[in-house]
Structures are given as C-alpha cells and as structure tokens.
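Below, in structure tokens: the form predicted alone, a single chain.
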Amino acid sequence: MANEEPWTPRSDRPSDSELWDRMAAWWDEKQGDDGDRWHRLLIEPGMERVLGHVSGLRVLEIACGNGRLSRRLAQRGARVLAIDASGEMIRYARERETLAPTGTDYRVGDAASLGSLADGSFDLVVAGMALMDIADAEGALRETGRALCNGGRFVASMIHPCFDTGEEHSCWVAERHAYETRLFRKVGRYRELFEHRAEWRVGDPSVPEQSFETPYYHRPLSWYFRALNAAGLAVTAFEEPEPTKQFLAESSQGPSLLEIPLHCVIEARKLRT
C-alpha cells in the first residue's frame, strides 16, 4: 500500500496509551475546560469556523483527552460520544463531566477499532490535535469513514506537516538582510514517514519526574489526503489558523506564526455510497 506506515508496536517500551496515562493529570490541569493559550487563542478559533453549527448533530470525538472540546460541542446542542485510548484521560474527562454535566458519553477506546459503533451512526467526527499522535492514523480515518453517515463531516486540527517535522528536523531561521531581519522555516525529512518523541517540559527537564515524552508520527500532507480518500472522504476545506490579536499580545511567537503556520484544520465529507 502507498500509505503503509513503517512502525509497529514495540515490547521494549510502554504503549502509547500508557505514556499518555502518565501525563494525564498534568494535561488535565494544563488544558482545564478552556484549553491552554495555543489551543484557545491560536488553533481552535479557526477550527470553530470550520465546525460551524453543531446543534442536533450526532458527534464522535476521537482522542478526546480530558474531554473539554466534547463538552463545548455538547453545550452547543450536539449529542456527543467521546473516546480516548488513555484510561486516565477518560477518568479526568468523566470527573469534569460529573462536576458540570453536559450529557457527553466518555469511553475508553481505540480510534482505529470502533467495531462497537454502527456504520453511518454519526453526522460529525472530530479530532482535535490528535491525528499526529495516533500510530494507526490510517485505521482511525478508515473507521471515521465507516462511522459517518453519507454527507457527514470529519473535522481535524493537527500539526502542519509541511512546516513542523519535529524539533530534530525543523526550526526557525532568522537572517539579517540590510536593515531588517527575515524569518524562515527550515524543514527536513518532509516526505518521510517516521516516528519520534515529543517532549513536554513540566518543570526542570533534567528531572525525569518533571518531564514527559509521547510519540509523534510524521506523515506528509499528501499521505493524509490519500488516507482520507481511501476512507471514502473528500476534502472540502483546509485552513491554516492565524494567531488572534490576544495571542499576538501574549506570545512572543505570534509574529512568527503570522508568517508561517504550524497548524492546520482539515474538513472532509463522506462521499455518498
């Protein structure tokens, strides 16, 4: 297969879900109900525009984390089922749901294996900053296509694979030209499929208990388009979120992100069968 991925589960390290279990408490505190600055002020305003009205829709969120996006969709009138492979993430999501009920149903589940869900049972499937964290993203997209009704939509935000191939292979480059500094993005290994580790710095990175690592799977943008097509989905919108005024005021990285986007939002519709 043209989209076949080179990685397989390894027995010499914790599973991906176990790694996310370890950082679930920190992640829940970091994201809360509103999301951190990057999600709240940079990524999700663009995603919200693509999502549009959701009232009355049957919605599935895959890799839901602590469930804050699912709760927001439920508060806007959607009927939401949210899954995550991390049992600890689901535990925190359920705790927040208990404190402020929205009717969201949270379950532990693998996005690439949704056999318990009937074909065509959802109007909308959402993946917020998740596809690059899923080892079997092809399977997750295939299951998404199966679970969507004809004409249903899949909306996903993700790291922009054209401009971010991980800290080891991409970086900002500033060059001085006459009286101005010009900013560029240096990117390597773009066409390759490879796995590496994302480091989350909780405190002092030299202290193991204060940092976490989770897997990250790079795939070129064309890979995603082929996988969506193979799943019976056609891309209908593609956005590259720009920093909001508040993000520009609060983050030193804002001007850089006005030049080059590090995130994107994809909408794809289920073709009628």
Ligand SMILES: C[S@@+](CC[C@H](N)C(=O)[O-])C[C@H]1O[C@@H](n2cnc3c(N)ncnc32)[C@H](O)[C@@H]1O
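In this text the structure is predicted, and so the values were computed from the model without any measurement. Residue indices: 1-based, along the sequence shown.
There is another form of this protein, the form predicted together with this ligand, and it is not shown here; the text below is about that form.
Three residues, Ala85, Asp110 and Ile134; all within 4.5 Å of this ligand in the model of the complex via heavy atoms? Looking in the model of the complex, the three residues Ala85, Asp110 and Ile134 all sit within 4.5 Å of this ligand (heavy atoms).
Looking at Val155, Ala130, Ala78, Leu81, which is the one with a non-hydrogen atom within 4.5 Å of this ligand in the model of the complex? Flagged contact: Ala130.
Just one of 177-185, 102-110, 160-168, 145-153 has heavy atoms within 4.5 Å of this ligand in the model of the complex; which? Contact-bearing stretch, as computed: 102-110.
Consider Pro241 of the chain shown here, and say whether it contacts this ligand in the model of the complex, taking contact as heavy atoms within 4.5 Å. Heavy-atom contact with this ligand at 4.5 Å: absent for Pro241.
Within 4.5 Å, heavy atoms only: does Ala63 come near this ligand in the model of the complex? Yes.
Phe247 versus this ligand, in the model of the complex: is there a non-hydrogen atom within 4.5 Å? Looking in the model of the complex, residue contacts with this ligand do not include Phe247, since no heavy atom lies within 4.5 Å.
Any chance His218 has a heavy atom within 4.5 Å of this ligand in the model of the complex? Because no heavy atom of His218 falls inside 4.5 Å of this ligand in the model of the complex, the answer is no.
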